[in-house]
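To begin, one chain is listed below as structure tokens, in the form predicted on its own.
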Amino acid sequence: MTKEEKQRKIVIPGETIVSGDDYLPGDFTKKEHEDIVANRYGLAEVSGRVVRLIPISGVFEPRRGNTVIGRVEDTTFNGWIIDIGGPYSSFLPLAECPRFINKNDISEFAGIGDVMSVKIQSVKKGSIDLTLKSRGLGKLEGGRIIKVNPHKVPRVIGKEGSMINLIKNQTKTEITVGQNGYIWIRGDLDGESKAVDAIGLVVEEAISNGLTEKVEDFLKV
């Protein structure tokens, strides 16, 4: 089996992905003696010595450092309660905003129903803390939101952003991808629609070979 075939191998829980002392377990894999074994059903990838798995199905599992897209559900005296589609309530404290905000009217900055790109600061038992103190975060105005399986997000983004940049450039849209599976798209009507369809193609064909070429051909039509 070639390295490329290993990278594209579909595996089931308990299946051995590769064997050998040279390999190290990454996301959703574990080491059993000399074997790297899958913990999930998904797409196995080998990058150097590290073997990781991209799950193909399942719910969003919030992790510290994830950039996600959420909608404001409520405001409090010191922050916002935001729905990010995770298993717990998520809170963005006023102190985690990089600009001055009037404490007497925080809804002036973001109110119920507003959409924001935020980063997960910490995940505790029963709660998630968010922050805006990172580049590219903040309120997302206009455009549209779509939802995809969060475990297909790595394919939507592509290696070093190659897939999502291809879609953005060809459709002349702004796109923000949340690791929780929510994707914000803004452009003209045709551009937004084309971007939505292209992302749908990526999700549908996530485990196919030659996916970039398929998307390029689709966007040329």
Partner chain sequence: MTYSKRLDGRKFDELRPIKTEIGVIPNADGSALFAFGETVAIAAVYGPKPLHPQHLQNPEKAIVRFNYNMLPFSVSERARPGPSRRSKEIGMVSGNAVSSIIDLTKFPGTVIDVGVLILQANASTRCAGINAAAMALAHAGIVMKEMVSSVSIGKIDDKIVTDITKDEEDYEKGEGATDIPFTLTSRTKQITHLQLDGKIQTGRFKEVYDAAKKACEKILKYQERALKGEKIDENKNSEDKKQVKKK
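Treat the numbers as computed from the prediction; the structure is a model and nothing was measured. In this text, the rigid core denotes the largest set of C-alpha atoms whose superposition between the two forms falls within 1.5 Å. Residue numbers count along the first chain shown, from 1.
The same protein has a further form, the form predicted in complex with its partner chain, not shown here; the description that follows concerns it.
The shortest heavy atom separation between residue 210 and its partner chain in the model of the complex exceeds 4.5 Å. Put simply, residue 203 is far from its partner chain in the model of the complex: not one heavy atom of it is within 4.5 Å.
Under a 4.5 angstroms non-hydrogen atom cutoff, its partner chain in the model of the complex has residue 59 among its neighbouring residues.
Residue 28 belongs to the set of residues with a heavy atom inside 4.5 Å of its partner chain in the model of the complex. Shown without its partner, this chain lists 67, 193, 165, 39 as candidates; in the model of the complex, only 39 has a non-hydrogen atom within 4.5 angstroms of its partner chain.
Proximity to its partner chain in the model of the complex, defined as a heavy atom within 4.5 Å, holds among 134, 89, 122, 107 only for 89. The candidate stretches are 153-161, 185-193, 169-177, 29-37, and the one lying within 4.5 Å of its partner chain in the model of the complex by heavy atoms is 29-37. Residues of 12-32 that come within 4.5 Å of its partner chain in the model of the complex, judged by any heavy atom, are 12, 13, 14, 15, 16, 28, 30, 32 in sequence order.
Relative to the superposed core, residue 212 undergoes a C-alpha shift smaller than 2 Å between the shown form and the other one. Comparing the forms between the shown form and the other one, the C-alpha position of residue 18 differs by 2 angstroms or more, with the core used for superposition.
The rigid-core alignment places the CA of residue 152 less than 2 Å apart between the shown form and the other one.
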